[in-house]
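As structure tokens, one chain now follows by itself in the form predicted on its own.
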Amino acid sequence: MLRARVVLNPAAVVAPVNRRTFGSFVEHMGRCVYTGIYEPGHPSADEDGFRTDVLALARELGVSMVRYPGGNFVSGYRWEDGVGPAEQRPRRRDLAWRSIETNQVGIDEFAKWAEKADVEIMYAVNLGTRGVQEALDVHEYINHPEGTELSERRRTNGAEKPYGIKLWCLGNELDGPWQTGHKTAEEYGLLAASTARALKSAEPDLELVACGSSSSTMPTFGAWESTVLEHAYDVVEYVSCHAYYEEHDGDLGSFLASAVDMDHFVNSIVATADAVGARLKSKKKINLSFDEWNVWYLSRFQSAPLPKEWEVAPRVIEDQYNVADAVVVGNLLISLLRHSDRVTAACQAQLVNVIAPIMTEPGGPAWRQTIFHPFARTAALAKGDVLETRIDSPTYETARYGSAPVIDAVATHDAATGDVTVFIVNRDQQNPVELTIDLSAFGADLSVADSWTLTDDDLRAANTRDEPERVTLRPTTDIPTGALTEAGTEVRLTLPRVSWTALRLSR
């Protein structure tokens, strides 16, 4: 049997756990909004038309923040179309996803949903087809208290108090040639800096996110961030990162090591941002907003073009996720937590139906995809501080990422309660791994409270409308190849092949 070891020390703190790490994303794309979060006439719909079954699942998922309204969608969006009497709102073409936008949900409706879901809003402005003035206008509508044309329009529309949104994205993926209003780094950097200065003159304590690379495979990766930050370093707090992963041509080994690439992405952008700061002689540190990440079978989407007909809420990229996908999602969360000193905001894309942990049917049920479970359990258990995790693990070779450790892990420690939680993946496709966790630095009074594992003999097993609980978390000791023992200041677990585990220890 393969063996690995993890050593933890409460004094070796990376950073506090950031609740914004557990963000999600609602874009006006496919069925994310319409028949996703919003479906008047559904048996579960509330007085505002929101599906309460989806709201309950969003709360269970532990989402802390939601990016809205896009995404590629925002680069052609006119925010004012989505406010005022619903029957007077225009229907528009959405070029990004080749669909019809009815504008029945806009910022006022979404703010109501966010309040019900108890989530913070991260708002994205259109810097594709629009610019500084339009960003100031939507900010005035959203955040100005009263006494101006747009703040009074908001009050007339039913929201007496401002929404108080603090985190704003300055456009979306303007590095991508697919983006409406695509720009060079120089063009975008100048526009982002001008927009940021204007917004901060209206509200100085806003937190602003400049567009970074839409993928680490972009030919401008690194150079884009460098140029943009040369212009905007002093007026933004974040640069964004976007990354999606999939299994290519049956190469499961590389896919299971996707977090190796996420680590590389983070480290590269941190180095780039810090280099710009050094050139500018600035003591300020730019943090990362990893505000789009997930498993997405992009190759399937690229081989199946968008609908020819212009429809409202067409079915677009409704990927069905399996066990291996869930293990990778759990591992990507491990990577995000590991970098909590610089990744202080993140959004899994998206929340409902569109590459999402929650699925719905119009007029029908809502259910949890496999990827729901590692996200929900991590959001619930990761508290206190992220600890440095020393891992001694066997390695294996991957075609995409070179040598990768079989075991990856991260741990959190809540000093207030004494709880320690360790999140672990076993990437080996054939073998269980006996993992020893050394807790000697904590003393002798920690014991196992619970341990949950996601795995299955069938790595392609998925949850569906007919079998919504086919794949779920199970106690580690209930799995035939799983085991857990305690010996003094060590805990030993046998981790099944291709599995994700959350182990919680208490005093």
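These numbers were taken from a predicted model, which means no experiment stands behind them. One rule holds for the numbers: they count along the sequence shown, beginning at 1.
Unshown form predicted together with a small molecule; subsequent notes refer to it.
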Could you confirm whether residue 456 comes within 4.5 Å of the small molecule in the model of the complex, counting heavy atoms only? no
is_contact(residue 244, the small molecule) in the model of the complex, heavy atom dist at most 4.5 Å: yes
Heavy atom of residue 27 within 4.5 Å of the small molecule in the model of the complex: yes
Are any of the heavy atoms in residue 393 no more than 4.5 Å from a heavy atom of the small molecule in the model of the complex? no
Every residue of 71, 349 and 355 near the small molecule in the model of the complex, heavy atom within 4.5 Å: yes
The one option of 97, 123, 110, 423 with any heavy atom within 4.5 Å of the small molecule in the model of the complex is 97
With the small molecule left out of view, choose which of 367, 221, 296, 233 has a non-hydrogen atom within 4.5 angstroms of it in the model of the complex. 296
Partner absent here, but in the model of the complex, which of 77-85, 168-176, 193-201, 381-389 has residues with a heavy atom within 4.5 Å of the small molecule? 168-176
